[in-house]
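Quick heads-up: it's one chain on its own, the form predicted on its own, in structure tokens.
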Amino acid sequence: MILKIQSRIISYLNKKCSSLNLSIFRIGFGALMFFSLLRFWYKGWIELLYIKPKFHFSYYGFEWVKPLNEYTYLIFLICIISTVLLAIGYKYRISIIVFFLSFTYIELMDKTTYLNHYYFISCLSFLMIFLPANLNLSIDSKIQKKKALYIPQWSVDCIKLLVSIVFIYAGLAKLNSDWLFNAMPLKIWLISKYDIPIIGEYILQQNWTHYIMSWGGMFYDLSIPFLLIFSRTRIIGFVFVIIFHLFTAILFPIGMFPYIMIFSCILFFHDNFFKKISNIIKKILKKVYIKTKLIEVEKNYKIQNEKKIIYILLVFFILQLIIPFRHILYDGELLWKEEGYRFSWRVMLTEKKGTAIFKLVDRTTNTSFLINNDEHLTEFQEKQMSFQSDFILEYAHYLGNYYKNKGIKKPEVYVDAFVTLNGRKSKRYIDSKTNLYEIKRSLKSKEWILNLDEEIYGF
């Protein structure tokens, strides 16, 4: 039995595919990231989200990652330049490492901006560091005067696996009673889309629409990887991907995510698909294409340190499979407390709003006063802080330190917080008698979060 497994593993690791697959993916990924970052800059979000705020919410363990005032633009500029180099395939290894580091730094600068697709891009760019994506259609291959026709199949399959994990875990997360039996939170969002021509006033207001879209979204996420894997259903699956994500882009303002997911799914196609795209690219770039005589054409490319790379990626994927289930280490309702919620591909599962009124007590004089959050946070930061416990704790620490520097020797910080989840009545979220300033940030369960007193069944 063990020998058979070893034989199959060796056989799989020896499989090859066209080098065009990764090369075309590299070009498209670089182009998408270029336009995404340029759009971010153009809309003024760099100043709004990273420069304007007086205080930034940090990830636990990454408190040292902060915006660099006006130099934050430089980080974005470096990231944008790396996307251009990535797309044209110049100094590929350096450019993808620079992109990964700069983009991930941007992502870590303020937790307020967390989105699943930012995390996906960081994971994907980390993978690409180890993949030979510059062996074709690249400046590197022209300069080195050599290219490879075939690369190991696993170098493409690892991206397919990451995409599949995103879909399947997103589908598993939708197997909960709020999503399936109450059509929440889709019902709340769709009703508000009455201004969309034709479908907004009538179709999106219907109860049956909400349930069809909730169940359809769950089945879509769980089935798409399998539809894309098998050649007989691949076209159908890809059509579903396009329709689903374009419809999502129309209904919900989630930026570039729909287009990134559509593009990522092309890797499931056969080599011939990429050869056709390659011919189109060459025709478009014919006038600017660098003409050099290749002196070496390597049929099967051998990845240097392949064994070590496979072990690194194996650890990476084990973590990807485990991390989304870390919420089982915590007590209480996940959608309410959100302990272990991020980095688990739980997409669009909650509609939460909250209010958080902070009180600072000077224990030396036994006096107190209420905090005006507008003096410390932007409107967007306050909105995100009001219903997320780790935000509330970090902000309480900031307030305690701020007023301690103002001369209050023994500050205590309390919060009167109420949150509504997926259409439920607003409920007290934090124990108002807990001095948050004395509680240290950690990965331990937050006992000072009050329970929902209602179970949401599911994963």
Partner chain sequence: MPYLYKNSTNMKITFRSILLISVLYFSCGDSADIPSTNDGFDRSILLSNISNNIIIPSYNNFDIKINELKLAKDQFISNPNQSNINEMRNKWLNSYRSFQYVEMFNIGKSEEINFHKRMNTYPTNTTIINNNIDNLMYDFTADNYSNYSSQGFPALDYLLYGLDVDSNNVINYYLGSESSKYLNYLNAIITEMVVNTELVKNYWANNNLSFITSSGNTSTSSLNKITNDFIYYYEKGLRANKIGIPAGVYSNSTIPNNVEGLYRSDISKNLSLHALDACDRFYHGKSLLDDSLRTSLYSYLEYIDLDNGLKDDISLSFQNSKNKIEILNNNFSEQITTDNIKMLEAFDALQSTVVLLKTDMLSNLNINVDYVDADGD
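Values in this document were obtained by computation on a predicted structure and should not be read as measured data. Positions refer to the first chain, counted from 1.
Below: the form predicted in complex with the partner chain, not depicted.
**Q** Give a yes/no on whether residue 39 approaches the partner chain to within 4.5 Å in the predicted bound form, heavy atoms considered.
**A** Yes.
**Q** If we define contact as a non-hydrogen atom of the residue within 4.5 angstroms of the partner, is residue 66 a contact of the partner chain in the predicted bound form?
**A** It does not: once the partner chain is placed as it appears in the predicted bound form, residue 66 has no heavy atom within 4.5 Å of it.
**Q** With the partner left out here, check for me: in the predicted bound form, does some heavy atom of residue 198 sit within 4.5 Å of the partner chain?
**A** Heavy-atom contact with the partner chain at 4.5 Å: present for residue 198.
**Q** Just checking whether residue 209 would be counted as a contact of the partner chain in the predicted bound form - the rule being heavy atoms within 4.5 angstroms.
**A** No, residue 209 stays farther than 4.5 Å from the partner chain in the predicted bound form.
**Q** Considering the partner chain in the predicted bound form, which of 364, 305, 177, 368 comes within 4.5 Å of it through any heavy atom?
**A** Contact residue from the list: 368.
**Q** The partner chain isn't shown here, but in the predicted bound form which of 315, 143, 329, 188 has a heavy atom within 4.5 Å of it?
**A** Looking at 315, 143, 329, 188 one by one, just 188 meets the 4.5 Å heavy-atom criterion.
**Q** Tell me which of 93 to 101, 213 to 221, 125 to 133, 108 to 116 has residues with heavy atoms within 4.5 angstroms of the partner chain in the predicted bound form?
**A** After filtering at 4.5 Å, what remains is 108 to 116.
**Q** Quick one: name the residues from 341 to 356 with any non-hydrogen atom within 4.5 angstroms of the partner chain in the predicted bound form.
**A** Sequence-ordered list: 347, 348, 351, 353, 354, 355.
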